[in-house]
Ligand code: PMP
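This document opens with one chain alone, in structure tokens, the form predicted on its own.
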Amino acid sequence: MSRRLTYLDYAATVPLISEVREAMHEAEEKFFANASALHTPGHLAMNEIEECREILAGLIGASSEEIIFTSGASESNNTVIRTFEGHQIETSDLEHHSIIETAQVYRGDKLPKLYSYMLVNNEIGEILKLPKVSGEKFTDWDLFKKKTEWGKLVFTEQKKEYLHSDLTQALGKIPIDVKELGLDYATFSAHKIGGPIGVGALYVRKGVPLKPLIIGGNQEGKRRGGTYNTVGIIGFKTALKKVIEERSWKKFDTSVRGLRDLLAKRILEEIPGSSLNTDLRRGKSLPNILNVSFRAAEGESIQLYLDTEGIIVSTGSACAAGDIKPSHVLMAKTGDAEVAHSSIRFSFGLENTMEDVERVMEVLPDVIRRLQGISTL
């Protein structure tokens, strides 16, 4: 009899939830048409897309015209950063690679200035303080359009500083209001809440500049070209509706936080040489992410040993799989390569139970003892 998979890598991706799978299967038959077409099947598909736009906007305190659908968080991040090509771009060392590496390529020294800071870090779960951005808000959309050419932005009569935040990990885990956060841009991804991979969204405050990353179509008000991924967007819509109906951020703050904190407590008590990289205090980190380092044990080896036992975790960032460099996040936080190389991220979802914590603690202590026993450190 095969043992049940113990999946603790929800920060990397959430398995497609059953309601989403069913909705997408139905959509393949009912909403197959090109949503940009003028015929009735096209209108039916577009209605589904607009419903998703309204649901996401309502969840984050935005208006529906401020939501653009993309292929995911990396595209959304790239779109914002490349909008400010040649201008000042400030980010932190804790950001996702799609921010850090894109900013390195496109930043310059001209004004205006873009600040891009994630609200929640994906590796250690830390909730970060967003910078306060000064300058007058520019809200005259019609005037802005007159001063913009697609492919070339003319920054005229704009405020001097803009704020973007990658909210990929925050969606569904904590309450979000883009207006209260003072954001001009925000990034989202469907697969982090149980929706499909390959669908995301970008919040763009009305009136702020945006240079399309994908040109060659009138979709999204010429802000993102390409035929709509209707089935994927319907999957995103279904996942968003489940987040709202279940008030999932409440469940994360209670049941999931309890599991995370219990695992942290037992690791510290039962495994010598363990230390936490996640601040467990409420308000300091997401309730579902736990990053731990184990002295004299390599994170990659720990991950592989656990994998053979059906326990799925991650080390470093999942998007950087195959990269043997230490986690850039932990290097920025600690400056200690040993801590970074020996780190493991456990990330919980709403489906996890006490049984998963017990299973980890059945296996993990022996794995760490074995690795520490053969370590040269």
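Each residue number is its position in the shown sequence, starting from 1. This one's a predicted model, so the numbers in the text were calculated from it and none came from an experiment.
Below: the form predicted in complex with the ligand, not depicted.
Asks: Determine whether any heavy atom of residue 88 comes within 4.5 Å of a heavy atom of the ligand in the predicted bound form, and answer yes or no.
Replies: Residue-level check for residue 88: no, no contact with the ligand.
Asks: Taking any heavy atom pair closer than or equal to 4.5 Å as contact, tell me whether residue 301 reaches the ligand in the predicted bound form.
Replies: Because no heavy atom of residue 301 falls inside 4.5 Å of the ligand in the predicted bound form, the answer is no.
Asks: Is there a non-hydrogen atom of residue 165 within 4.5 angstroms of a non-hydrogen atom of the ligand in the predicted bound form?
Replies: Because no heavy atom of residue 165 falls inside 4.5 Å of the ligand in the predicted bound form, the answer is no.
Asks: So, in the predicted bound form, is residue 77 in contact with the ligand at a 4.5 angstroms heavy atom limit?
Replies: So residue 77 counts as contacting the ligand.
Asks: For the three residues 293, 297 and 327, verify that every one has a non-hydrogen atom within 4.5 Å of the ligand in the predicted bound form; reply yes or no.
Replies: Checking in the predicted bound form: none of 293, 297 and 327 is within 4.5 Å of the ligand.
Asks: With the ligand left out of view, choose which of 230, 116, 122, 288 has a non-hydrogen atom within 4.5 angstroms of it in the predicted bound form.
Replies: After the contact test, the surviving option is 122.
Asks: Which residue, 224, 260, 237, 191, is the contact with the ligand in the predicted bound form, using a 4.5 Å heavy atom cutoff?
Replies: Of the listed residues, the single hit is 191.
Asks: Quick one: find which of 244 to 252, 214 to 222, 67 to 75, 275 to 283 has residues within 4.5 Å of the ligand in the predicted bound form by heavy atom distance.
Replies: After filtering at 4.5 Å, what remains is 67 to 75.
Asks: What are the residues of 79 to 117, in order along the chain, with a heavy atom within 4.5 Å of the ligand in the predicted bound form?
Replies: Contacts from 79 to 117: 96, 98.
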